[in-house]
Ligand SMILES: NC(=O)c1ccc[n+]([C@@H]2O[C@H](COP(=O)([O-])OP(=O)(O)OC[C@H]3O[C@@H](n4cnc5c(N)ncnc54)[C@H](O)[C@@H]3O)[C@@H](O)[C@H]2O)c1
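What follows is a single chain, given as C-alpha cells, in the form predicted alone.
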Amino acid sequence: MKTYAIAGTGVRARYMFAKPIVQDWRETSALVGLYDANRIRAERLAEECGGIPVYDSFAEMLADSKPDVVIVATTDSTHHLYIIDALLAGCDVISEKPMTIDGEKCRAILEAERASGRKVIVTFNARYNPYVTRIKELLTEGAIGEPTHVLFEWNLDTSHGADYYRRWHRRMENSGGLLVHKSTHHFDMVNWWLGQDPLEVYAYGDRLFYGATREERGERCQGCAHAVGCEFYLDLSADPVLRAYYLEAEHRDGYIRDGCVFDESITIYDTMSLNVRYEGRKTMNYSLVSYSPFEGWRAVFHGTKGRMTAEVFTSGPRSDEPEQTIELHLHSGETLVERVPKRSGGHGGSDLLLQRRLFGPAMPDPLGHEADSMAGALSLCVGAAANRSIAEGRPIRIRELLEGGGESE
C-alpha cells in the first residue's frame, strides 16, 4: 500500500484526490497528511476524510507522515517549491497541471528529479477521456496516414470561463494565464496525439471581454452594489463547499474567491491564438476564447491520406447528445464515422480512469496515458513560450525555456 500526503487543499484536491483515496482506493492507498497555507481549508478537508492529520508546515508533514508520494495541488506558481522539496526528501510526486508556469521553474523541477532519482507524474486527465483516447488510437493506426497539421479550437463559456477571472488565476504571476493554466491540457493532448515534441511558438493574446471593460464593477461579488442584474454574480454562501472552504476561511489569508470579473487588476488574456511548429515539420493552429455562449472544442487533423474531425460540446444545446462522433474523409473518397458513447463522471469519465492509474493496482499502459515530467514540461512550455511571444512580438523556441539563457521570466 502506498501512502500519500497532499499540499494544497482546495476544491480540486478535495474531489480529485483526497476523497477518492479515502473512499474508493483504501485497499491500495492511504492518505496520511494534509497541508495548506490556509489551515482552515486543510481542517475542513481533514474532517471530511475522517480525521487525516493536518500540519502547520510542509516540511513538518514530510518529516512526520513520511509519505511515499506527495500530491501537489497548490497555486500554480508555487508548484515547483513543493515538488522540489518532496523529491529531495525522497518522495515521488503527483503534480496537478500545469507542472509549473515558466521555463526557469520547469528547469529547476527537472534538475531536482534527476538529482533525486524520484519521479514526477502530471495529472493530464484529458488524455484519459475515452473520446480523446479513440482519437489517439486512430492516429496511431494511421487512419489518415501521417498527421501533418492540426487546427484546434477551444471555447470556454461565460460560466466556466468567467470563474478564472474571479480567482487567483486572474493574475499572470500566479497562473501563467490561461495559456499555461488551462491550455496545458490542450497542448498536452496534441503533443500526445502527434507523438512529437513542439519546437517553436508564435502567439497573440488580448483582454477584450473581462477586466476593465465595464463601468459597473466592484471589488467582489459579496456586497457589490451592482449584484442585482449582473450575470456574473456569484453567491459563495449559496454553495456549501465554496462557503466552507473559501468564504468562511478568507479571514485567515485574505484570499477572495469571488473577485469581480471586470476588475482592472486582472492581467491574464481572455482571447488567444497561436501557431506551433513540431518535429517532423508538423504544425498546429490553436485558439482559446473564454467568453463563448457554449463550451467545447473542435480539432481538425490533416494527414497524408485524409482528414479527421472531432468535436465536443460540454455546455449548450448539443451537450446532452449521448455520443460523440469522429469523422474521417479519406483521399480515396471514402467517408467513415466513428461513434463514441459518452461516459458519466468527472470530465467525461476521465477523472475515474486517471484515479485508477494513480491509486489502483499497477496496470499496462500501451498508449502512454501516464504523463511524466517531460510531458508536463513540453506542455507548459508551449503556453509559457506563447506568453513570451505575445510580450516580445517574436517566435519563441521551446529550447529557450528548457535550456535557459536570455530569458526574462
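Given the structure is predicted, the values throughout are model-derived calculations rather than measurements. Quick note: we count residues from 1 along the sequence shown, nothing fancier.
The same protein also has a form predicted in complex with the named molecule, omitted here; what follows describes it.
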query: Residue 11: touches the named molecule in the predicted complex, heavy atom cutoff 4.5 angstroms; finding: yes
query: Residue 291, heavy atom within 4.5 angstroms of the named molecule in the predicted complex; finding: no
query: In the predicted complex, residue 38 touching the named molecule (heavy atom, 4.5 Å); finding: yes
query: Residue contact check: residue 158 to the named molecule in the predicted complex, 4.5 Å heavy atom; finding: no
query: Of 222, 116, 324, 125, the one that lies within 4.5 Å of the named molecule in the predicted complex (heavy atoms); finding: 125
query: Option touching the named molecule, based on a heavy atom within 4.5 Å in the predicted complex, out of 104, 253, 146, 111; finding: 253
query: Candidate site 154, 188 and 302: all three near the named molecule in the predicted complex by heavy atom within 4.5 Å; finding: no
query: Which of 245 to 253, 83 to 91, 272 to 280, 332 to 340 sits within 4.5 Å of the named molecule in the predicted complex, heavy atom basis; finding: 245 to 253
query: Sequence-ordered residues of 147 to 186 touching the named molecule in the predicted complex, heavy atom within 4.5 Å; finding: 167, 168, 181, 185
